[in-house]
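As structure tokens, one chain now follows by itself in the form predicted alone.
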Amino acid sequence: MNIKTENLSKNYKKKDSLDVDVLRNIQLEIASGQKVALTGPSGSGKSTLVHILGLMDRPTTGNVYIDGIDCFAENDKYLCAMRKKNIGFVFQFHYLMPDFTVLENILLPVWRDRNIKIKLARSILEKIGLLHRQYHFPNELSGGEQQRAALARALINSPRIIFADEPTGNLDRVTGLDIEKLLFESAAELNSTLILVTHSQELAAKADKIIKMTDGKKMI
């Protein structure tokens, strides 16, 4: 899926203080299947941009087009359906449910269809080397295993867009490289658009395109 924004801005109004401008007139185009890295210092607006592009938050002004559809002209039901059907998220923290097994966590996005999707879930687990952990709970996994489980959960619906917000930020170098490899391989296999937030110049260099952010603006 391709993504385009026009005059995208986000600000937060605070009582008894000036408004906080987090994003300022962002214009960008991301081609379908492209692998894009968002870089920039902390507080530059990278995560806010990802949340808006991933339809989890609405912009203050401006438009987000996905495959030509002006998404925020639609209602919340449409946005929810788009996220569920087409978008996968991987964050810096795994956000696995502690009382659910690894297999159950992966099936959460498709819980109503879990009996149909369970074969696919196990196939993904086998691919990322976690099939032997399918009945374990998150606190029984290492940090790298937890993040691999989070990636598997993001892939269960074969998303056309994958967002990864500092996916290796809490991991050691060797484990982080493993997660990076799985991300790029999964995106390539699904022909998905991959948008990842990172402070790592080494990781950013692996992307097709780098978008640098500073003070809520996209730098040329």
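All residue numbers refer to positions in the sequence shown, first residue = 1. Remember, predicted model here, so these are calculated numbers, not experimental data.
Only in words, not in the display: the form predicted together with a small molecule, which the text now covers.
Worksheet entry | Proximity of Pro59 to the small molecule in the model of the complex, heavy atoms at 4.5 Å | No, Pro59 stays farther than 4.5 Å from the small molecule in the model of the complex.
Discussion item. Please tell me whether any heavy atom belonging to Ile210 falls inside 4.5 Å of a heavy atom of the small molecule, as the geometry stands in the model of the complex.
Written reply: So Ile210 does not count as contacting the small molecule.
Worksheet item: Taking heavy atoms only, is Pro159 within 4.5 angstroms of the small molecule in the model of the complex?
Response: Contact check for Pro159: no, nothing within 4.5 Å of the small molecule in the model of the complex.
Worksheet item: Would Ser44 count as a contact of the small molecule in the model of the complex, using a 4.5 angstroms cut-off between non-hydrogen atoms?
Response: Judged by the heavy-atom cut-off of 4.5 Å, Ser44 is in contact with the small molecule in the model of the complex.
Discussion item. Can you tell me which of 34-42, 186-194, 172-180, 62-70 lies within 4.5 Å of the small molecule in the model of the complex, counting heavy atoms only?
Written reply: The contacting stretch here is 34-42.
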